[in-house]
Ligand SMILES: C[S@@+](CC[C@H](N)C(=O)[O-])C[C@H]1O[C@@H](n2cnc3c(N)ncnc32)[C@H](O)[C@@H]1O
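The chain that follows stands alone, in the form predicted alone, written as structure tokens.
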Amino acid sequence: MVVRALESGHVPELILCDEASLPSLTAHADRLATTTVVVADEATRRSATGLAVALSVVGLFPKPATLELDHLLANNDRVVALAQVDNPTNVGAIVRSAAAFGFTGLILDGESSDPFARRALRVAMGTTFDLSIARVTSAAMMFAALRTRNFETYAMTPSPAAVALDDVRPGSRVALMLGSERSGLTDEWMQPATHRVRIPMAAGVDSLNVAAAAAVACYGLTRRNG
């Protein structure tokens, strides 16, 4: 994960590693010019981090700043927006699926978990570093910005009245909306969406975990009109 962060252009303040890992860092020597690099044995690394497993490389990075929403939308055509997704494991898994299927932007409301939380980063396998990320405080302002930038918005719901994902052919600018596992998207997020979409499932199963639903939906929205 440290190497992935370096490859994405992030500069650490400190790296703690074993001797065998030093060659993997030399390719990023220019980015490590101001970084303190400490080589230590297994016991020291375990003691310093408080982790049960002595990882071969640990990095201390400044947390990346979030972007202004308009900047994110101007530079990304495929985004995922999360409302009340407060489990960091789910956020990390959603980020990983988003990156895997070409979604490059992530929008979070104020109640969603921090994608840079340690557990979220681990589950995302470092793909978080490749996404543009913004937080919003108003759903109405977010939807207005999305409309201004000509995004189609796809709100996920298990409702049988929604359009099946199989029947969707998205355009070039897509925003996928996902809500909490407890109650899904609120009316504030559902009503303004241009499309309400469901994942077809076998009888007797009403929904998926939000991270699993995100993976299916991100893949489903890779198809285009025509």
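Numbers for residues come from their place in the sequence shown, where the first is 1. Since we're looking at a predicted model, the values are computed, not measured.
Below, we refer to the form predicted in complex with this ligand, which is not included among the displayed structures.
Using a 4.5 Å heavy atom cut-off, which residue among 64, 184, 170, 192 comes into contact with this ligand in the predicted complex? Exactly one listed residue reaches within 4.5 Å, namely 184.
Taking 198, 206 and 213 as the candidate spot, are all three within 4.5 angstroms of this ligand in the predicted complex by heavy atoms? Every listed residue reaches this ligand in the predicted complex, so yes.
For the chain shown here without its partner, which stretch in 66 to 74, 53 to 61, 175 to 183, 33 to 41 has non-hydrogen atoms within 4.5 angstroms of this ligand in the predicted complex? Flagged stretch: 175 to 183.
Looking at the partner-bound form in the predicted complex, is residue 124 within 4.5 Å of this ligand by any heavy atom? Although this ligand is absent here, residue 124 would stay clear of it in the predicted complex, with no heavy atoms inside 4.5 Å.
When the contact criterion is heavy atoms within 4.5 Å, does residue 79 count as touching this ligand in the predicted complex? Contact check for residue 79: no, nothing within 4.5 Å of this ligand in the predicted complex.
I'd like to know if residue 146 sits close to this ligand in the predicted complex, meaning any non-hydrogen atom pair within 4.5 angstroms. Result no; residue 146 lies far from this ligand in the predicted complex.
Answer for residue 156 alone: is it within 4.5 Å of this ligand in the predicted complex, judged on heavy atom distances? Residue 156: yes, in contact with this ligand in the predicted complex.
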